[in-house]
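Coming up, as structure tokens: structure 1 and structure 2, two forms of one and the same protein chain.
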Structure 1
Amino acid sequence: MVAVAILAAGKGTRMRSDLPKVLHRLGGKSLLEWVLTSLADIQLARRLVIVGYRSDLVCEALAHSVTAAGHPPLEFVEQTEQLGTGHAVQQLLPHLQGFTGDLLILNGDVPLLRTATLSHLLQIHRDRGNPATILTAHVPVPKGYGRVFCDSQNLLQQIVEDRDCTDAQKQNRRINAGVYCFHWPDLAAVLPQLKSENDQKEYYLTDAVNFLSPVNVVDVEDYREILGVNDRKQLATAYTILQTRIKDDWMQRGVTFIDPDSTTIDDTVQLETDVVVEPQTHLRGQTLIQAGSRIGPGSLIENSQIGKNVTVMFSVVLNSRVADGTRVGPYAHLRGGVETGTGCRIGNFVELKNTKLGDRTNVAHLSYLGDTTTGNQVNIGAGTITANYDGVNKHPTILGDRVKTGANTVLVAPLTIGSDVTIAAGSAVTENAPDDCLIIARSRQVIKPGWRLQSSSAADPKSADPK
């Protein structure tokens, strides 16, 4: 039986933000959500989050998080004063009374831990049956970190802070990762013994480790997993590592990234085989891109579903659905629940908002359709717009099958146009129309020969005086 406690009470002063550090975003999730994600495949009896600074925001943010299937709900434990990691874990004493299992302790600002690493730590802890097991890492530059020393059996001998290390001890590159697994009854017995006799006047969890024996040491394979985030630069470093991890995984599954370094992708995005992602493309949120589609260059797709064999070039697609075989762009903008049929063409400088296009419909260039529904095989001429807003309310426009609008057509909503209708160029359409008709809604052209504006010099002889 395993419980987990996540330390998430700190402000994160070096982030220079009013937002709690653990809520800063990293590739579509907060730091704290990444920690919870790493626990998704581990069976847990309890999930506790120790909160403090702006705890209301932390609790509210996690209330909207998806709870992994089979996991217990989150329990929030308040740490009103932030007096160190040991003090944070002391707050669990009344909440875990009678609990006899193991407690895994994680930090809410360490987002890159893999599930496999935590599973391995727990397995070693169970197999050895020790009161405590700690995760360690070999880092290239250990300066500033406490060094971990152990014997040939990987049993802890001592943890020495960097400032207290001798020159010989400083050569040791094994550091404490700040991830622990304790047998809770053993830890609960020593927590009241912690003291704040240090420069920071804080209670350290590492002191609890010193009271317990034997303590096993487990090294993480990739030290980058245990990198914490304390400032914006470290946040950017973590993002780079995460992006490499995500894109490497997709490339192994049959997705092509033409220039991986110039593209970004959230962990929540789903890609199918033979998708090609061009340079300077960014994929966000709950996005699905199906097989054979080509996205980019220079495109943003967010919370959208892209069908098979779709191309999206230099365009933005937000909260929309693009069906198979559709071409989007360059420089198109789809937003607010757009849905296209199959084989559509949405071209240069076209904006669609809350619009549904039928199959094989073309909106080729320089047009805006808002709150519009079209039938199949509709052709929208250049410069066609729907005037869907009257200053108070939005109104719909409905176009039947095979409607053709001429260039610079204005469709003034609310409006319903039947099937097989042609609208003459330059028309401002304000009335509904039946099937199979031609709409001409413009003034007759008038030509006045010999017409020109009289110049000021012709009107006032004095103005033409060369003097």
Structure 2
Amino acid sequence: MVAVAILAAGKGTRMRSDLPKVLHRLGGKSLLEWVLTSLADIQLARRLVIVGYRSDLVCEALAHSVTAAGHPPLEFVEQTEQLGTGHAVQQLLPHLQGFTGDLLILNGDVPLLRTATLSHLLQIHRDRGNPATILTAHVPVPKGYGRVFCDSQNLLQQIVEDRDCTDAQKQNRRINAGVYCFHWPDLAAVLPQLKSENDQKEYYLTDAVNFLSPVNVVDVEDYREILGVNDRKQLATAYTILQTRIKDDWMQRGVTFIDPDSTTIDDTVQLETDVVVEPQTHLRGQTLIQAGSRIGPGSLIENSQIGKNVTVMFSVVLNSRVADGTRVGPYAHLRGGVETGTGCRIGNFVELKNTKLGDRTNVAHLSYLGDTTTGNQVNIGAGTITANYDGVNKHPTILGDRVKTGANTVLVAPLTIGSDVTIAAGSAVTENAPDDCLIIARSRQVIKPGWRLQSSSAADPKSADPK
């Protein structure tokens, strides 16, 4: 039986932030959510999270996070004073009384662990049957990490924190990843013996490991998995590692990135084969891009579904659905629940908000449609604007099939226009209209034959005869 405890009570002083460190975001999730995600494939009996600094915020944030199916609920254990990682684990003693299984302990600030790594650690722990097994890595820059010293049989001798290391010890690049598996009764027995006789005057979990023997050491294959996030620089490094991992994975599955380094993708995004992601493109949240679509350059897509063979160029699409074969951009903005039909064209400087377009409908230039529903094969002329807001409320505009609005039409909502209606350029349409008609809603042009400015006073507009 395996329980997990995640250490998330620290403030994260080195982040220099009001937000608890474990709530800082990496892609679409907080560090703590990443840690929970790394447990996805592990059969757990209990999930404990040790909280302290701004615990209300941490509990609240996790209340909204998605929980992998089949996992037990989170139990929050309060560490009111943060006196170190060992002190944090001491708080578990009353909660795990009588528990005789294994306890996996993870630092809440180590977000990139793979679930396979944890399974491997657990497997070795079970096979050896020792009191503890810890995860280690050989890292190029070990500064800040506890150093791991082993004997010739690769059994742990001791972990020494960076700030307690001698200069010679600091040369050791084998570090403690902050990922441990303990036989809980063995750990529970040594926890009360911890002392805070170290540079930080804290109770170290690593000292509890030092009290146990024999302790197995498992090296992680790729040290980038165990990067701890203590400051903003490490947060940025973790983001780069995560991005490389996500993009490499999609490339293996048949997605092209023209310039991967200039593109960012949340791990919640889904891409189908033959999607091409152009440079400077950012895909976020619950986004799906279907086969054959080309996104970018210079686009942001968030929480949106993009159908097959769509192109989106230099545009922003938020919380919307773009159906197959539609072309978006350059410089379009779709937001607030837009749904396009298939084969639409949404062109330059067009903003669509909470708008549904029928199939093969074009809004090609310089338009704003808000709270609008169109039929199929509608053509929205350049500069058509819905006046959907009267200063207090928003109102809908409904356009039937094959409506054509002339350039610079203003559609004053609420408004319902039938099918096969043509609207003359420059109209301010304020009244509903039936099927099959022409709407002209503008003042008539006046032509005055022979009128011209008096030539003697042409230079002075005030004296021109207005007639």
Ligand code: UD1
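All residue numbers here follow the sequence of structure 1, with the first residue given the number 1. What you see is a predicted model; the values in this text were computed from it and never measured. Between two forms, the rigid core is the largest collection of C-alphas that superpose within 1.5 Å.
Novice: Could you point me to the form predicted alone, 1 or 2?
Specialist: Pick structure 1; the other is not the form predicted alone.
Novice: So, superposing on the core, is the move of residue 395 at the CA at least 2 angstroms between the two structures?
Specialist: It does not reach a 2 Å shift.
Novice: Residue 247: with the rigid core matched between the two structures, does its Cα shift 2 Å or more?
Specialist: No; that C-alpha moves by less than 2 Å between the two structures.
Novice: Determine, after fitting the two forms on their core, whether residue 142 shows a C-alpha shift of 2 Å or more between the two structures.
Specialist: It does shift by 2 Å or more.
Novice: Using the rigid core as the frame, report the C-alpha movement of residue 151 between the two structures, one decimal, in Å.
Specialist: The alpha-carbon displacement, core-superposed, is 3.2 Å.
Novice: What's the distance in angstrom the Cα of residue 171 travels between the two structures, core superposed?
Specialist: Taking the core as reference, the C-alpha of residue 171 is shifted 4.7 Å.
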